[in-house]
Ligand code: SAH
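Just the one chain here, the form predicted alone, laid out as structure tokens.
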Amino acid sequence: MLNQLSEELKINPAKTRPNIGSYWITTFGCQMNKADSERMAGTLESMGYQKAEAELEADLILYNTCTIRDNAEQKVYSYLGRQAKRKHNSPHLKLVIAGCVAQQEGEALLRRIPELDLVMGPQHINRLETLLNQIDNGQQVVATDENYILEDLTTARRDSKVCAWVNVIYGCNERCTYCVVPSVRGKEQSRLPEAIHLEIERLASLGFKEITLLGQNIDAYGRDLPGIKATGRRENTLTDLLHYIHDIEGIERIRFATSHPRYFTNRLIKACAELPKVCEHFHIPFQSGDNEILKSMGRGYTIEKYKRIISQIRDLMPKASISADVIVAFPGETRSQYQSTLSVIKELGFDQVNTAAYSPRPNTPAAKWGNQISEEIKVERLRELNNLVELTAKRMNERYKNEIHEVLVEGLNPKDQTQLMGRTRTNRLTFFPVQGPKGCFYKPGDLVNVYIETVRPFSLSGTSLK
């Protein structure tokens, strides 16, 4: 099977099919969803679809959805409502909902929006062509049953020509009391290291310079795969995978996300410090600064353990940047417990924090508890938290000023065509002029040394050095 996979990835025969229409994909939510959308776009183009110039011109509309927050879910319904009305005047329109809302709601979506043609959960995205063929035969299809994800040979339609997502583990076995992900994305399923290696080799041959390994809980990678060394340590861990893919020629940078403090190890930190291509950036959610709240969340670690992880990273990699996720106003959270979260942000000095007020999600334990926090308090705490996060990010970015940092060019600044944009190894978004000091012009994929002159809370600006 692996030899066949290798040959298919090397040869990648293009399917020559006539144009059968245009498509439009709108993606909501996380990096995993973005990667899934790229794969589905690749499937559609292999079938003969072409990307539409605008959403309202497309013959097939696909919404790849997120249910992690209620506002994201409600936004999907608003989009679907507009397209359902459009279908009354354009009966040929194919309307597809994929992702986590599709998995969560299943057949109920057809009752709510009967104009839908296909409801498809995340475990079925590599079956998209088969499911669309069923629609062409006059069926209305719901694909949300548990499904083993076969190795996907589809060539994704990448949004970038420089940076690529690479899924390494699907699903999640954790049982955080607020999180709907395990019920909509299924059980953990790690890809074989050899398959991951082959995909990255192919990306390198196409000119990609940076890859980001993806998983809902990436530190769990490999625990469902065979392989025990004589020492008793598993061979197929994330750490082993980083060593295995590190020397693929052409790849300049390696990132990974998202990490879980329960499984984050010293061995992984040491590998990141020792492997030159692994970037000095870690995204490790801590969610709350209070141990009682963490216990209620079912996170499986204490804030003291989390602080030790950050300390160990900074001991070995002093210039590393660290980002996190935080939830405020979790059921039962007192003002004092909320203040503990603010204290952790002040103490640890995160480069970036993704923030959210708790949102009850269907079929999760916390949604049923009686100690919910009022919307007024949620808004107040989130506003205060966001102000602190912005101030902290600006303060942390000050360390870049008047320093030289390597930036991987990703493309033009959409707001200023005289500037390029890219990221430092520490994942700081950076802008600098298209034209270099000696008249040279840079292009996507170039690694450029940039002297940082201006810092903002979430980006940097400077001039290139040649």
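Start at 1 with the first residue shown and count on from there. Keep in mind that this is a model prediction, so the values were computed, not measured.
Missing here is the form predicted in complex with ligand SAH; even so, the following discussion is about that form.
Chemist: Would you kindly say which of Tyr358, Phe350, Phe208, Tyr170 lies with a heavy atom within 4.5 Å of ligand SAH in the predicted complex?
Modeler: Contact with ligand SAH in the predicted complex is made by Tyr358 alone.
Chemist: Given that ligand SAH is left out here, which of Cys179, Cys163, Ile196, Leu214 has a heavy atom within 4.5 Å of it in the predicted complex?
Modeler: Only one listed residue qualifies here, and that residue is Cys179.
Chemist: Would Thr258 count as a contact of ligand SAH in the predicted complex, using a 4.5 angstroms cut-off between non-hydrogen atoms?
Modeler: Output for Thr258 is yes: heavy atoms within 4.5 Å of ligand SAH.
Chemist: According to a 4.5 angstroms non-hydrogen atom cut-off, is Gln287 in contact with ligand SAH in the predicted complex?
Modeler: Yes, Gln287 sits close enough to ligand SAH in the predicted complex that at least one of its heavy atoms falls within 4.5 Å.
Chemist: Flag Ile327 as yes or no: does it have a non-hydrogen atom within 4.5 angstroms of any non-hydrogen atom of ligand SAH in the predicted complex?
Modeler: Answer yes; at least one heavy atom of Ile327 falls within 4.5 Å of ligand SAH in the predicted complex.
Chemist: Consider Arg39 of the chain shown here, and say whether it contacts ligand SAH in the predicted complex, taking contact as heavy atoms within 4.5 Å.
Modeler: Looking in the predicted complex, residue contacts with ligand SAH do not include Arg39, since no heavy atom lies within 4.5 Å.
Chemist: Residues in which of 43-51, 407-415, 63-71, 433-441 have heavy atoms within 4.5 Å of ligand SAH in the predicted complex?
Modeler: Only one stretch qualifies here: 63-71.
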